[in-house]
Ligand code: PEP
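Starting off, we have a lone chain in the form predicted on its own, written out as structure tokens.
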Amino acid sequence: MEIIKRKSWTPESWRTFPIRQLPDYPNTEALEKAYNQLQTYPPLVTTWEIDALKKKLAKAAKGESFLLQGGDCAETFEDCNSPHIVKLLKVLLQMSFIMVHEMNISVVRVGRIAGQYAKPRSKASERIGDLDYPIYRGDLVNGYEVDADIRVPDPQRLVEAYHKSGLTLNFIRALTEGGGFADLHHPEYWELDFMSNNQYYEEYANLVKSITNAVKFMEGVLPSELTSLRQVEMFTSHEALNLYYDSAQTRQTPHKTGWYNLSTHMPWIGNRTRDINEAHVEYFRGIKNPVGIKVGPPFDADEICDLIQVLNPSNEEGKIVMITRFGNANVEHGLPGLIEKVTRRGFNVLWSADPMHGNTFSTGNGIKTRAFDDILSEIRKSFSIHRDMGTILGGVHLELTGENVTECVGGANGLQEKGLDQNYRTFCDPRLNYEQSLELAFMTSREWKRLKKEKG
């Protein structure tokens, strides 16, 4: 593909490029008003948090830590409440504790949270009954209710998303800093009774007991070193899909060079918006944040390499997270060639596996779901492929929730298709529930240990 010549970059230079996945706002005056309003608001995250994450991702790329990125498929304004946030944060923390304990390395926690309010869609409208409605694009854009007025893209939702993200971030910081919720001294927060019928329940319970005993031992030996055990770092991420939202929060700060997207720590560019000559790539090439690149079929490995070059011309470590999403049936065919091309070009990247998006299917009743075995199998295959190629799988990217939903089939308790309607709540893609998420963390850690042992 021929790469167009680019002029100087600004947070708004993307406006002169072709763009996909941008909703058709009928009221452009209201859109510009909302955009200008967002530009005046305080940043949601800081440059030093972003730079700290980049350093941690550089370590994960070398196998010195592991990236756990996960959260809702798409956040909703309604779920900006303490019970939902607590449950999501709890499952991410507990997954990370399992991984730290089993893998014996640090875990970088990045939530799909505090900004993941938009979703890419394959079509602009959908037929419901005898009428066509604008497609639901996430609460950042329009409402889910089947109502012609609510489905119209509303610029004021950009402002509301900012406020909801700020509330979410404030609550996360309150929970994770200074003890309490994230304190490893409190195994009762694990609530493992929910998993009492799981075949791994005893192993989970013993793991929690082991963590608790280790903390008590350290408390007796090194009491002054325990501050870090009472707080954890949690970073945020979202797909930078609606560039009005993200560019409005993109700015320079004192004592730092370059431009930062201060609405999130790590934005990612989607599989449908990574065309090198279009608006999203133009926007992403100018920000200092670490960025994720979703890659799945169809793709051209040479074009992906050109994309990496555009987004990271200095080949900075920790800058690029390659999030591969092939599907269990295709990963062995597609991933090796991509790794080979990227490695040959000498790019510094962190490889992460997204085993969710390539494994989605619909049941006979038309319910969208994913199979736990397919998700786990893609992770296992990805680990093995990277080992054979001499590279490192340094992370996973998951759609999950701390709620007891029934959206993905399988797992140790064997949820079947006929049970999906018990508590199917997602507006977009199916998520792993609390039990399935902990089980996947446990099995992923086991696979990591097995391959490490094989390598000697």
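Predicted model, so just to flag it, every value in this text is computed and none were measured. For every residue, the number given is its place in the sequence shown, counted from 1.
Omitted here: the form predicted in complex with this ligand. The next part is about that form.
S.K.: Among 116-124, 344-352, 88-96, 376-384, which stretch sits within 4.5 Å of this ligand in the predicted bound form, heavy atoms only?
M.R.: Of the options, only 116-124 has residues within 4.5 Å of the partner.
S.K.: Though this ligand is not shown, can you say which of C73, L175, I304, L262 has a heavy atom within 4.5 Å of it in the predicted bound form?
M.R.: In short, C73.
S.K.: Between the options G270, G334, G318, G327, which residue brings a heavy atom to within 4.5 Å of this ligand in the predicted bound form?
M.R.: Looking at G270, G334, G318, G327 one by one, just G270 meets the 4.5 Å heavy-atom criterion.
S.K.: Indicate whether D139 is a 4.5 Å heavy atom neighbour of this ligand in the predicted bound form.
M.R.: It does not: once this ligand is placed as it appears in the predicted bound form, D139 has no heavy atom within 4.5 Å of it.
S.K.: Even though this ligand is not shown here, does R157 get within 4.5 Å of it in the predicted bound form, heavy atoms only?
M.R.: Output for R157 is no: heavy atoms all beyond 4.5 Å of this ligand.
S.K.: According to a 4.5 angstroms non-hydrogen atom cut-off, is D246 in contact with this ligand in the predicted bound form?
M.R.: Heavy-atom contact with this ligand at 4.5 Å: absent for D246.
S.K.: Please check if R112 has a heavy atom lying within 4.5 Å of any heavy atom of this ligand in the predicted bound form.
M.R.: Because a heavy atom of R112 falls inside 4.5 Å of this ligand in the predicted bound form, the answer is yes.
S.K.: At a 4.5 angstroms cut-off on non-hydrogen atoms, which residues of 279-313 are near this ligand in the predicted bound form? List them in order.
M.R.: Sequence-ordered list has one entry, K294.
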